[in-house]
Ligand code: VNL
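Starting off, we have a lone chain in the form predicted on its own, written out as structure tokens.
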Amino acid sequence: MTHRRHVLQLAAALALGAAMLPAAQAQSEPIKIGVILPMTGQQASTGKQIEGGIKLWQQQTGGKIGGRKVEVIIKDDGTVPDQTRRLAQELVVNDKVVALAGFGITPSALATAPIATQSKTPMVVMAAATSAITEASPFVTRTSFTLPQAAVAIAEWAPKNGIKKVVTLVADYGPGNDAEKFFADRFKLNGGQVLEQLRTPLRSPDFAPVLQKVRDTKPDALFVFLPSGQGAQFMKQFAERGLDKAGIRLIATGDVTDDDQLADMGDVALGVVNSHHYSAAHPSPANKKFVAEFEALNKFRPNFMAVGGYDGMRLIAKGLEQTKGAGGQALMDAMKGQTFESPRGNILIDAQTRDIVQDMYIRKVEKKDGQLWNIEFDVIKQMKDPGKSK
């Protein structure tokens, strides 16, 4: 209660100060957007990719919204939720940001939601994927995806393609719980059987013991969700334990065959069927332009985190153009219902849930011109978050 009262007092002081600024002075000042990302540690890949997407948006727009300069303040939270919350409070109170964005993992997003609510600061989740995040505050929206979207998509595909018995393996935190539940529920509804449900710790996982257990269980396939950054290590151990040679197919959410790490996985990843909302190989003209410009600027391939950051900036910018630079409830309202063509395809911010509606693609890892790519071969069009279906 003390913490909440402190946030309320600071937010009130901030609002009073802003109201006293002369209108002309406010218009001449830069628009500040606070972005909190894991730039170091196990999820550093997430921060690097989202930062790359933001940098591309800045390059393409000249870093301006409605003629006003935009100052993007990026802070590293090291994937520590208490640090995320502290940085968010500093950005709102001291830097007077008009919006908060980023949030590499679910606990960090949930830790910040009360600050967004109390200070009426819109919060754009560019990475974290637990379904419930947007329900934590009326000021939260999302440009990434939800794990139920990806899990249900692959659970629809698998039973139609010779997979009747599976073991599931997920990272033991919010998105993993979502992936496990929504995959299993839909897979069983479609006539499949889940033989075992296994979990690994979010930090420093050792996959060898659970993979041995999978091999002993002898399912048709192993369904996997792991956060961005763990896929290469997992694929290495999958091969070392001989699961690929034992005839156990690997199906996954697209985090596992992350574009940022595919090159490090080697041929063991070939043939892995997975479901996700973005592939650098997506064949649209908009994506080809995005990938070419992103690689020229950042010197690495964009992944789904990069497109979450890029689209998040576009969402905020379109909202601020509508509000003429005003934040708060007006900006939140201006982001609801937005629709535009992303490098991933058409997306919509659902006005009721404030969550993303998008195409979910079924892809297979293939080699083209000597490189591994997630090649799309099927799609579920304009999928809402199944976690919010009534």
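If you're wondering where the values come from, they're calculated on a predicted model, not measured in any experiment. Residue indices: 1-based, along the sequence shown.
Here the subject shifts to the form predicted in complex with 4-hydroxy-3-methoxybenzoate (VNL), a form of this protein not shown in this document.
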Partner-proximal stretch of 58-66, 38-46, 319-327, 355-363 relative to 4-hydroxy-3-methoxybenzoate (VNL) in the predicted bound form, 4.5 angstroms, heavy atom: 38-46
Any non-hydrogen atom of Y173 within 4.5 angstroms of 4-hydroxy-3-methoxybenzoate (VNL) in the predicted bound form: yes
Exercise: N287 in contact with 4-hydroxy-3-methoxybenzoate (VNL) in the predicted bound form, heavy atom 4.5 Å: no
Partner contact for A281 in the predicted bound form: 4-hydroxy-3-methoxybenzoate (VNL), 4.5 angstroms, heavy atom: no
A128 within 4.5 Å of 4-hydroxy-3-methoxybenzoate (VNL) in the predicted bound form, heavy atoms: yes
Interface residue in the predicted bound form among F223, F187, F145, F294, criterion: non-hydrogen atom within 4.5 angstroms of 4-hydroxy-3-methoxybenzoate (VNL): F145
The unique member of P302, P122, P227, G308 whose heavy atoms fall within 4.5 Å of 4-hydroxy-3-methoxybenzoate (VNL) in the predicted bound form: P227
Sequence-ordered list of residues in 79-106 near 4-hydroxy-3-methoxybenzoate (VNL) in the predicted bound form, where near means a heavy atom within 4.5 Å: G104, I105, T106
